[in-house]
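Read on for two forms of one protein chain; each stands alone as structure tokens, with the labels structure 1 and structure 2.
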Structure 1
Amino acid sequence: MQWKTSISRADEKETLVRGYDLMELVENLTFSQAIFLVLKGELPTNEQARMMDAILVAPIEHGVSVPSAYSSRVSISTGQPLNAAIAAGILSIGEYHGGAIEQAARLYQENSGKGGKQIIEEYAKAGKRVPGYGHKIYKESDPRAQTLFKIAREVKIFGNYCKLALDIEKEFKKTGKPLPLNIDGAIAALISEMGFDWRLGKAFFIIPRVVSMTAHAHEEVTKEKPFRRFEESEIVYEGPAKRELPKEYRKK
């Protein structure tokens, strides 16, 4: 069986990554530039490298209360190794936590010829939520999204995908139920501007958030007692009151 890949080749003489010698990359590339190369297949321009840096920093940390952070902490508190704790955190990333980047990027890439109003109407008709908009904490504006777009304008990466993202936000404001463009939507627009396929969307959340999970897991195992669990006072039982088992089910 053959495995075909255009990503790398490694033997006793050299390791090529997308055609470039790995040792040369080690001496010359930043980590974010190397990530761009491995994912995209080409080296980034200076402007793309600056944008990539910002994209990878923006979601790197957002508190202990988010699923990827506390899942990692709970896992390592039970005696699991670091890799298992990080895996637990990654497995908590889904449609409602980190997954909207992929969904929003798909929306932008597959609807680039449409306007925000049309997209909102189509999603509403289908009974679907438009990904990349709204946030539990940031009700009016997500500062992370705003900062990313500010940088995008500075490095001239702000294009039609970003304009579409903001047009959708503008149309939401007209409905009387404003849903601001959040960090997921902003990153989705920006990776689309740089030519990344929407199927890579979650990677732009997972890669930086692994750093966060590592920090949280390490803090948990070095500063807290083992076995993180809910306190009884935090649990609300909503089941039936105590009841007797019917006679026909009893063995004695």
Structure 2
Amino acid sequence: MQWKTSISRADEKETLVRGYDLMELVENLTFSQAIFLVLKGELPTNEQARMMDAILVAPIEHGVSVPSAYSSRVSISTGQPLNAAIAAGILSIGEYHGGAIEQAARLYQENSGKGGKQIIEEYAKAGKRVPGYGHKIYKESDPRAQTLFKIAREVKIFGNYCKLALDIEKEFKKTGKPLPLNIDGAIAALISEMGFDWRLGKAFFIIPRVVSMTAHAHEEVTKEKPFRRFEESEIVYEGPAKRELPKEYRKK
């Protein structure tokens, strides 16, 4: 099997990452700068590096109540190693949890010529939800999206993708049933501004969530008894009543 790659070249003498000596990167870059380099192929400007830090800090921890946090606790409670627990957590990042970044980034990148009104109409016609809008708790405005956009303006990352993202929000407001731009949508617009392909979208949620999963799995394994089992009182059985196995299925 053959592997073609532009990401790195490693031999006995040195490891080059996107052309740079890995040891030079270790000595000089922040983790965010290095993430930008590995994913994009080029070094970030100072402004992009600042934006990357904000984007990666925003999803870092949102409480134990969400699947990606407690799934890693459940896994490690059964005696699994830390990496298996983190993998279990990542398998709870789907369309309804972090997955909207990818779809929203795709929407912005593939519809850059359109306005919010047109996009909302097209999605309504196709019977689909516009990804990146609405939140269970933040009904009017998602403070995390607002903070990220505030920083984007400060560092002059704010551009046409962000404008489109806000235009959609504005149009939703007019409908009387406002759906605020949420953190997924904001991250989607910002990575589009920095030139990241939408197919990378989920990674900007997954990378920081791994930090959260690590902290939760560690807390579980050091503070709790093994084996997270639900209580009978939390279970409602709705299946058939007890029944006999018919005679023709019996061995004797």
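One-based numbering along structure 1's sequence throughout. Because the structure is predicted, anything quoted here is derived from the model rather than measured. By rigid core we mean the largest C-alpha set that fits within 1.5 Å across both forms.
Remark: the form predicted together with a further copy of the same chain is the source of structure 2; structure 1 originates elsewhere. Relative to the superposed core, D11 shifts its CA atom by less than 2 Å between structures 1 and 2. Taking the core as the fixed frame between structures 1 and 2, we note the C-alpha of K242 moving 4.6 angstrom.
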